[in-house]
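Read the single chain below, which is given as C-alpha coordinates and is the form predicted on its own.
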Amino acid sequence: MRFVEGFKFTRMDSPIHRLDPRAKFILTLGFFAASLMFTNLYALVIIFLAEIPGILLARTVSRWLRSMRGGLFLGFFIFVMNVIFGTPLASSLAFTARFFAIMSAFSFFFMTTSADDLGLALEQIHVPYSISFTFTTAVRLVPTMAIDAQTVVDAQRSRGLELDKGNFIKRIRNYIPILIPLIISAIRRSVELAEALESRAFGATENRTAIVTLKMRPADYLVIFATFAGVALAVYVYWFVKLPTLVIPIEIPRFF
(Lines give C-alpha, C1' and ligand atoms only; values in the text may rest on other atoms or scores of the structure.)
Protein backbone atom coordinates (compact mmCIF):
# COMPACT_ATOMS: atom_id res chain seq x y z
CA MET A 1 0.00 0.00 0.00
CA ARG A 2 3.01 2.30 -0.29
CA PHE A 3 1.60 3.66 -3.56
CA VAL A 4 -1.25 5.37 -1.67
CA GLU A 5 1.04 6.93 0.94
CA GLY A 6 1.96 9.67 -1.51
CA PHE A 7 -1.69 10.70 -1.94
CA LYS A 8 -2.65 11.05 1.74
CA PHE A 9 -2.91 14.54 3.18
CA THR A 10 -1.17 15.30 6.48
CA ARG A 11 -1.73 18.70 8.06
CA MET A 12 1.58 20.52 8.46
CA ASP A 13 2.83 24.09 8.65
CA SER A 14 4.96 24.60 5.56
CA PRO A 15 5.07 27.23 2.78
CA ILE A 16 3.49 24.74 0.38
CA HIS A 17 0.69 23.74 2.75
CA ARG A 18 -0.18 27.41 3.27
CA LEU A 19 -0.65 28.02 -0.45
CA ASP A 20 -4.15 28.38 -1.85
CA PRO A 21 -5.37 25.05 -3.29
CA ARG A 22 -6.21 26.78 -6.57
CA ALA A 23 -2.60 27.89 -6.97
CA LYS A 24 -1.34 24.38 -6.20
CA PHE A 25 -3.86 22.87 -8.62
CA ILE A 26 -2.71 25.20 -11.41
CA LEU A 27 0.90 24.28 -10.62
CA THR A 28 0.04 20.57 -10.81
CA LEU A 29 -1.75 21.06 -14.12
CA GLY A 30 1.32 22.90 -15.42
CA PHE A 31 3.57 19.93 -14.62
CA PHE A 32 0.97 17.59 -16.09
CA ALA A 33 0.74 19.56 -19.34
CA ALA A 34 4.52 19.81 -19.68
CA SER A 35 4.88 16.07 -19.07
CA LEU A 36 2.35 15.25 -21.79
CA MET A 37 3.99 17.69 -24.18
CA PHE A 38 7.39 16.00 -24.35
CA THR A 39 8.51 12.54 -25.37
CA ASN A 40 12.17 13.43 -24.89
CA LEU A 41 13.78 11.63 -21.96
CA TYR A 42 16.01 14.57 -20.99
CA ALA A 43 13.07 17.00 -20.90
CA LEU A 44 10.96 14.63 -18.81
CA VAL A 45 13.80 14.11 -16.33
CA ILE A 46 14.15 17.89 -15.99
CA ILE A 47 10.39 18.21 -15.34
CA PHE A 48 10.62 15.48 -12.72
CA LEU A 49 13.58 17.18 -11.02
CA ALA A 50 11.74 20.53 -11.09
CA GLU A 51 9.07 19.05 -8.83
CA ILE A 52 11.53 18.09 -6.09
CA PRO A 53 12.06 21.62 -4.59
CA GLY A 54 8.33 21.89 -3.84
CA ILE A 55 8.38 18.48 -2.18
CA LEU A 56 11.37 19.54 -0.07
CA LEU A 57 9.60 22.76 0.97
CA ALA A 58 6.51 20.75 1.91
CA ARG A 59 8.64 18.43 4.09
CA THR A 60 6.99 15.33 2.63
CA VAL A 61 10.10 13.66 1.18
CA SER A 62 9.77 10.38 3.08
CA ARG A 63 6.16 9.76 2.03
CA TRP A 64 6.95 10.88 -1.50
CA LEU A 65 9.79 8.35 -1.68
CA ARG A 66 7.49 5.60 -0.42
CA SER A 67 4.97 6.42 -3.14
CA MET A 68 7.72 6.39 -5.77
CA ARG A 69 8.85 2.98 -4.56
CA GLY A 70 5.24 1.81 -4.60
CA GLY A 71 4.94 2.94 -8.23
CA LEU A 72 8.03 1.06 -9.36
CA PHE A 73 5.95 -1.95 -10.39
CA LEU A 74 3.69 0.17 -12.63
CA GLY A 75 6.70 1.98 -14.06
CA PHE A 76 8.42 -1.32 -14.82
CA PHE A 77 5.18 -2.62 -16.37
CA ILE A 78 4.95 0.44 -18.65
CA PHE A 79 8.56 0.00 -19.72
CA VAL A 80 8.24 -3.74 -20.42
CA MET A 81 4.97 -3.41 -22.35
CA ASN A 82 6.45 -0.68 -24.56
CA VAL A 83 9.52 -2.82 -25.26
CA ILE A 84 7.35 -5.86 -26.06
CA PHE A 85 5.30 -3.90 -28.58
CA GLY A 86 8.40 -2.68 -30.41
CA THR A 87 8.92 0.78 -28.91
CA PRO A 88 12.61 1.82 -28.94
CA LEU A 89 14.35 1.61 -25.58
CA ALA A 90 14.88 5.37 -25.36
CA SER A 91 11.17 6.03 -25.95
CA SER A 92 10.22 3.30 -23.47
CA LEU A 93 12.39 5.00 -20.84
CA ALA A 94 10.80 8.35 -21.72
CA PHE A 95 7.28 6.99 -21.24
CA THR A 96 8.32 5.56 -17.89
CA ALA A 97 9.82 8.91 -16.86
CA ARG A 98 6.57 10.61 -17.92
CA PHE A 99 4.60 8.28 -15.65
CA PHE A 100 6.79 9.14 -12.65
CA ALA A 101 6.67 12.87 -13.44
CA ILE A 102 2.85 12.87 -13.57
CA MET A 103 2.57 10.65 -10.51
CA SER A 104 4.95 12.89 -8.57
CA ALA A 105 3.03 16.04 -9.52
CA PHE A 106 -0.33 14.72 -8.32
CA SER A 107 1.29 13.17 -5.26
CA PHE A 108 2.66 16.63 -4.42
CA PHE A 109 -0.82 18.13 -4.76
CA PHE A 110 -2.74 15.60 -2.68
CA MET A 111 -0.08 15.40 0.05
CA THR A 112 -0.33 19.16 0.64
CA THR A 113 -4.03 19.85 0.01
CA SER A 114 -6.85 18.73 2.30
CA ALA A 115 -10.12 17.49 0.87
CA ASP A 116 -11.98 20.30 2.65
CA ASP A 117 -9.81 23.02 1.07
CA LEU A 118 -10.12 21.31 -2.30
CA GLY A 119 -13.91 21.31 -2.00
CA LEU A 120 -13.92 25.00 -1.06
CA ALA A 121 -11.70 25.82 -4.02
CA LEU A 122 -13.99 23.97 -6.42
CA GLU A 123 -17.04 25.74 -5.01
CA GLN A 124 -15.42 29.18 -5.29
CA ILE A 125 -14.66 28.61 -8.97
CA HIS A 126 -18.39 27.83 -9.37
CA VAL A 127 -18.16 24.09 -9.82
CA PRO A 128 -21.57 22.58 -8.89
CA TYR A 129 -21.57 21.35 -5.32
CA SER A 130 -22.70 17.86 -6.28
CA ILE A 131 -19.62 17.46 -8.53
CA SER A 132 -17.18 18.92 -6.00
CA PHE A 133 -18.64 16.76 -3.24
CA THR A 134 -18.32 13.64 -5.39
CA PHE A 135 -14.69 14.45 -6.21
CA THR A 136 -13.65 15.23 -2.64
CA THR A 137 -15.44 12.11 -1.38
CA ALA A 138 -13.47 10.01 -3.87
CA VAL A 139 -10.24 11.65 -2.66
CA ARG A 140 -11.14 10.74 0.93
CA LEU A 141 -12.14 7.22 -0.07
CA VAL A 142 -8.81 6.20 -1.61
CA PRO A 143 -6.77 6.18 1.66
CA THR A 144 -9.70 4.56 3.48
CA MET A 145 -9.88 1.77 0.92
CA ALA A 146 -6.11 1.31 1.17
CA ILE A 147 -6.41 0.85 4.95
CA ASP A 148 -9.27 -1.63 4.45
CA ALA A 149 -7.22 -3.52 1.87
CA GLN A 150 -4.26 -3.78 4.24
CA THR A 151 -6.57 -5.02 7.00
CA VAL A 152 -8.01 -7.72 4.73
CA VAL A 153 -4.52 -8.76 3.58
CA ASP A 154 -3.33 -9.11 7.18
CA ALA A 155 -6.44 -11.09 8.12
CA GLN A 156 -6.09 -13.47 5.17
CA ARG A 157 -2.38 -13.98 5.78
CA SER A 158 -3.14 -14.87 9.39
CA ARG A 159 -5.39 -17.60 7.96
CA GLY A 160 -2.55 -19.04 5.89
CA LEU A 161 -3.02 -17.25 2.55
CA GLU A 162 0.29 -16.94 0.68
CA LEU A 163 0.21 -14.05 -1.79
CA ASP A 164 3.81 -14.21 -2.99
CA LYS A 165 4.11 -17.85 -3.98
CA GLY A 166 3.39 -19.58 -7.27
CA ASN A 167 3.48 -18.42 -10.88
CA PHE A 168 1.88 -15.27 -12.26
CA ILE A 169 -1.59 -16.83 -12.71
CA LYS A 170 -1.43 -18.37 -9.24
CA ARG A 171 -0.60 -15.02 -7.67
CA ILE A 172 -3.55 -13.39 -9.42
CA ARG A 173 -5.86 -16.09 -8.06
CA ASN A 174 -4.42 -15.56 -4.59
CA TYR A 175 -5.79 -12.01 -4.62
CA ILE A 176 -9.39 -13.13 -5.15
CA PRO A 177 -9.92 -13.63 -1.36
CA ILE A 178 -8.67 -10.03 -1.00
CA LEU A 179 -10.87 -8.46 -3.66
CA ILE A 180 -14.19 -9.99 -2.63
CA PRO A 181 -14.20 -8.65 0.98
CA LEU A 182 -12.86 -5.32 -0.30
CA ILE A 183 -15.69 -4.97 -2.85
CA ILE A 184 -18.29 -5.89 -0.24
CA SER A 185 -16.80 -3.33 2.16
CA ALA A 186 -16.92 -0.64 -0.55
CA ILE A 187 -20.58 -1.41 -1.30
CA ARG A 188 -21.50 -1.24 2.38
CA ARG A 189 -19.63 2.04 2.74
CA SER A 190 -21.43 3.56 -0.27
CA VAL A 191 -24.83 2.50 1.11
CA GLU A 192 -24.02 4.06 4.49
CA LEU A 193 -22.88 7.26 2.77
CA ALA A 194 -26.07 7.42 0.69
CA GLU A 195 -28.23 6.96 3.80
CA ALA A 196 -26.26 9.65 5.66
CA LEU A 197 -26.68 12.11 2.78
CA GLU A 198 -30.39 11.39 2.51
CA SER A 199 -30.91 11.86 6.26
CA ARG A 200 -29.23 15.27 6.01
CA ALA A 201 -31.35 16.40 3.03
CA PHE A 202 -28.46 16.54 0.60
CA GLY A 203 -29.30 18.80 -2.34
CA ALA A 204 -32.31 20.42 -0.66
CA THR A 205 -30.90 23.90 -1.23
CA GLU A 206 -28.72 25.27 -4.03
CA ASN A 207 -27.51 28.42 -2.25
CA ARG A 208 -24.94 26.93 0.10
CA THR A 209 -22.70 29.05 2.29
CA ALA A 210 -19.29 28.23 3.74
CA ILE A 211 -17.74 29.23 7.04
CA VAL A 212 -14.30 29.69 5.47
CA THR A 213 -13.59 31.75 2.35
CA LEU A 214 -10.34 31.14 0.54
CA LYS A 215 -8.33 34.23 -0.37
CA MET A 216 -5.38 34.42 -2.72
CA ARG A 217 -2.19 35.90 -1.31
CA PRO A 218 0.89 37.32 -3.10
CA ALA A 219 2.67 33.96 -2.81
CA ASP A 220 -0.25 32.29 -4.61
CA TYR A 221 -0.13 34.76 -7.47
CA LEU A 222 3.63 34.26 -7.68
CA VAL A 223 3.17 30.48 -8.01
CA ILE A 224 0.53 30.96 -10.71
CA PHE A 225 2.76 33.38 -12.62
CA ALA A 226 5.73 31.01 -12.36
CA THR A 227 3.54 28.15 -13.61
CA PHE A 228 2.40 30.03 -16.70
CA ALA A 229 5.96 31.17 -17.34
CA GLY A 230 7.20 27.59 -17.04
CA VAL A 231 4.53 26.27 -19.41
CA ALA A 232 5.34 29.05 -21.90
CA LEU A 233 9.02 28.10 -21.69
CA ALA A 234 8.11 24.44 -22.25
CA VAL A 235 6.09 25.38 -25.35
CA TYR A 236 8.98 27.44 -26.68
CA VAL A 237 11.45 24.61 -26.10
CA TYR A 238 9.08 22.12 -27.71
CA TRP A 239 8.71 24.14 -30.91
CA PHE A 240 12.00 25.99 -31.33
CA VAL A 241 14.73 24.09 -29.44
CA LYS A 242 16.18 20.86 -30.72
CA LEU A 243 16.82 18.72 -27.68
CA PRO A 244 19.47 15.96 -27.70
CA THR A 245 18.08 12.47 -28.01
CA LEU A 246 19.24 9.40 -26.20
CA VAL A 247 20.36 6.63 -28.52
CA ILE A 248 20.72 3.15 -27.04
CA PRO A 249 22.50 0.88 -29.48
CA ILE A 250 21.34 -2.72 -29.51
CA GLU A 251 23.66 -5.34 -30.87
CA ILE A 252 21.86 -8.11 -32.72
CA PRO A 253 23.87 -11.33 -32.67
CA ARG A 254 24.73 -12.80 -36.07
CA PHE A 255 24.24 -16.50 -36.50
CA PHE A 256 25.49 -16.74 -40.09
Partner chain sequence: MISVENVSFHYPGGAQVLDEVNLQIKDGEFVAIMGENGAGKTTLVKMFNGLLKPTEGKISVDDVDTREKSVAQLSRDVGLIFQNPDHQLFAETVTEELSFSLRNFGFKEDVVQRRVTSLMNTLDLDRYSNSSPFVLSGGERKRVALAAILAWDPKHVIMDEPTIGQDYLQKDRLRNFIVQLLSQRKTIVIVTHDVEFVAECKPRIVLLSHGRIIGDGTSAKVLTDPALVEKASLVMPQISSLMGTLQDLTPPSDIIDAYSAREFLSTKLKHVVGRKTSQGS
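Just so it is clear, the structure is predicted and the values come from calculations on it, not from any experiment. Numbering follows the first chain given and starts at 1.
As for the form predicted together with its partner chain, it is not shown, yet the points below apply to it.
Contact annotation: residue 156 falls within 4.5 Å of its partner chain in the model of the complex, judged by heavy atom distances. Residue contact check for residue 151: one or more of its heavy atoms lie within 4.5 Å of its partner chain in the model of the complex. Contact annotation for residue 181: at least one heavy atom lies within 4.5 Å of its partner chain in the model of the complex. Heavy atoms of residue 71 never reach within 4.5 Å of its partner chain in the model of the complex, leaving it off the interface. Looking at 181-189, 71-79, 117-125, 85-93, the stretch with residues near its partner chain in the model of the complex, meaning non-hydrogen atoms within 4.5 angstroms, turns out to be 181-189. For the candidate set 161, 131, 138, 172, a heavy atom within 4.5 Å of its partner chain in the model of the complex is found for exactly one residue, namely 161.
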